[in-house]
Structure formats: C-alpha cells, structure tokens
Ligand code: ADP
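Here you get one chain, nothing else, as structure tokens; it is the form predicted alone.
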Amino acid sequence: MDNNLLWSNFLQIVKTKISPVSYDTWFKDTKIIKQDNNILSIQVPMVFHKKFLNETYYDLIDEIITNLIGNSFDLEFITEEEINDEDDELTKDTVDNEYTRINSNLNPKYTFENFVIGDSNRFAQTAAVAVAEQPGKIYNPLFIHGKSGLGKTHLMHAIGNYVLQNNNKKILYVTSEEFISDFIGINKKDENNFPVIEHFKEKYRKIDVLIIDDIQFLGGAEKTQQEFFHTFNNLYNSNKQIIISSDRSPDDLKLLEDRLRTRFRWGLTVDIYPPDFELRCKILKDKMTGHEVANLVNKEVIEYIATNCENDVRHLEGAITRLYAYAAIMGPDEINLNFAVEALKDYIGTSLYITNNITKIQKAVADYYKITIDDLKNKKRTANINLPRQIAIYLCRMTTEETIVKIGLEFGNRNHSTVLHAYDKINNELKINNELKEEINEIKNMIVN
C-alpha cells in the first residue's frame, strides 16, 4: 500500500479511537517517511512527540497498522532535526474516587478545545496535554511560566478539566494566595484547631492533582513556603501530579527557598511567549466566533487590532469587547477600519508598550546618522538614508518582540520581504565589518541611555 494512502487510512481510524484534542496534538501533523527493513519511520513535529507517542500510543499505532496491511512493523518516530528514538514504558493510570468540579475549583470554560495554539504556546500546550493524559506519570512537576495574560491559567484549568472528565481523579486548583490563607487558618492559637489542620491536610495532600497558580506570591511568606515544601514532597513521593505557574522561571524566583526552586526544576519547565501577529489574528477570530455582529467585521479590522494590541490575550479580548460595545451603540452596517480606529482610539493608545522601543530605536539611529525619523520612514533610497534604515530595522528585529508586519508598518508600511532583506543584509555585513559593529554598539548604548 502506498505510504500516503496507508497513513491517510490510519489517521481516519485513530481519529475514532481517541479524543479530538489528543488527535490534534499528537497525530494531525504526522506522516510516514519510509518503510525500510520492517521499520516504519513516522515524522512528527517535535522531539516531545517522539517520547510521548512511544510511551503512550505505540501499541495503538502498531495494532491499526497491522490490521491495515497484515503485518507488524517496528515504529520509529523522527523529526527533521533528529532521528534518535526513546523507548520508556509508562504504566496505565488507575481510576480513583470521584471528585466534584466544585471541590476542584475548576472553571469549565477553559478547555484544550478552545485554547488557540500558535508558535508562542505550542510547546506549553503539548506538554499540558501530555500531563493531562498521564497525570503523575510524566513531567512532574509541570512548571509553566510567562507574563500575565498569555494563557497559563487557561492551560492549567484545561489539564484539570481533561483529567476530571477522563480519569475521574481528585483535583484541586488554587492560587498561591488561597494556599496562604488556608495555611494561616491552621496556625491560629486555638486549642480546638485540630479539625482545621485535618481539613487542610485532607484538602492538599489527599488528592491526585494539585494545580497552584502564581507561585511567585509565596515569596516572603517563609512559614507558608515551609508548609508548601512538605505538601510538595508528600504529593511527589506519592506520584501525584503537581502543576505550577509563575510569571517568571524557577531560577528567577529569588524570594523562594532554594529547596523549593530546586524541586520546581525536577520535572518539565515550559514558557509561554507573547502571541505573534498570526496567533493574535487567530485568537481574535476565535473570540469573535458566534457573536451577532462578527460578520460585520472586516479582515482589515482584525489585522489592525492584532497589530496594535501586542501585550497579551486580555488586551485582545478587551479590544473586542470595546469594539462590540461601540457597535451596539452606533449600529453600523459594517465594522470597517475607520470605524475600528474611532472605536478603539483611546484603548489602542494604552496598549502600545512595545511601540516605544521602535520609536527609541528610530530616534537613536536618526540622531547618530544626523537624519530625521521621517527619513527612515519615507521612500528615499539614497545611501545616507538606506543604510541607517536597514540598521534600524535590524535593531528592531534583534531587540524587540515585534512582528515583521509591525516593523514594516513603523517604517513607512514596508512589506515583509523588505524587512527581512534589511535584516539579512546587516546581519551578514556584521560578520565581516568591524566598523559597522562598533557603530551599532554605540547606537545600542544610546538606546539604553
């Protein structure tokens, strides 16, 4: 059987045997590379997939392939970057007592199905699905970090909801502030406090999955850190899953005890970055789906909001809310770019925290070469203008988190290829031109100062 046909048939079958989230995460972007000496080589997106497919889905893949073509293969999972295989075995999950959603503190609206995936959060999402499918068996603890509003809490609730629906385990989601509050309750000087202490231990130690949000807020609470240390050890030694989030990496949690930070690194640490332009557009479209005026919104409006609201997902949601509220009042026949600019004129101005970086770079470059910022933005291509413009674009790519689209807009609405060409030209020149390297270092110093 042809490899493409074989894998197409395989995917149709496997789709019926696992959840849509599991299919999209582990199988959607796979394909057969070759059949050689009874070895079936399957390409996967990331090294992460190799390990998980070997450990969790190997038998299922083998069974389906054998039924399709009549004989069994040794399966090899490979990426474009590497071919090494991993063969660790994981035991199957056991099903424990039912734990209600109320006791778990989970928000049912946060699921894997409505988490919008892009390059900035794909690894974190994949890790979250792996933990959800094998709680306590793989990547323990899971430590998710990133700036506020990027989806950490969404992923944590999604893990909990998936486990609750598929494994019926005992789950608890709390913020670090709630943990501190509960701990304070057991430290009151009261002879009759024993029931409170027992309730605390029951709540935090007799569970299968502990999800604790914003762990950085334990900083400074020494006694609470000690209790969390003992809670962590109790759960970890019992093979219970621990999931932690923070606005910074374990290494940067300087106010936490070293022994806690060390334990946070025992499992898998993943970070979530601000969404790029493409992901912001996907998020906007997803958030607008089903709204009564969504069909009135032009593509230009989506791109305008995505270009100007880089901070986080909450800024995107806020822009949508404001746009819809304005539309409800004005009752337009169409939500075009002019309407969006008017509706968001105050809101957009408050979210451009990165734009100042581009502006500072443009000003520093213009001052250094004794030209104007307008010179950098206009269409002049004279040597005394073109080189500074390319340097400014290069610095924007290297020292900001801006998308190529955004940088192009800030330099006179230049297109994608022009921005990349400018970056590549300076990047290559720096390898052989020490004088240019010194000039750029001087400009960097001007930006910092």
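Each residue number is its position in the shown sequence, starting from 1. This structure is a prediction, so every number in the text was calculated from the model and none was measured.
This protein has a second form, the form predicted together with this ligand, left out of what is shown; the following refers to that one.
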task: Please name which of the stretches 162 to 170, 323 to 331, 230 to 238, 283 to 291 has residues with heavy atoms lying within 4.5 Å of this ligand in the model of the complex.
output: 283 to 291
This ligand: the contacting residue among L150, V301, C309, V209 in the model of the complex [heavy atom, 4.5 Å]: L150
E317, D367, D74, E177 - the one with a heavy atom within 4.5 Å of this ligand in the model of the complex: E317
N121, H154 and V313 each touching this ligand in the model of the complex (heavy atom, 4.5 Å): yes
query: Do Y204 and this ligand share at least one heavy atom pair within 4.5 Å in the model of the complex?
result: no
- prompt: Might V116 be said to contact this ligand in the model of the complex, defining contact as any heavy atom within 4.5 Å?
  reply: yes
- request: Would you check, heavy atoms only and a 4.5 Å threshold, whether Y139 touches this ligand in the model of the complex?
  value: no
message: Can you work out whether F339 and this ligand are in contact in the model of the complex, taking contact to mean some heavy atom pair no more than 4.5 Å apart?
response: no
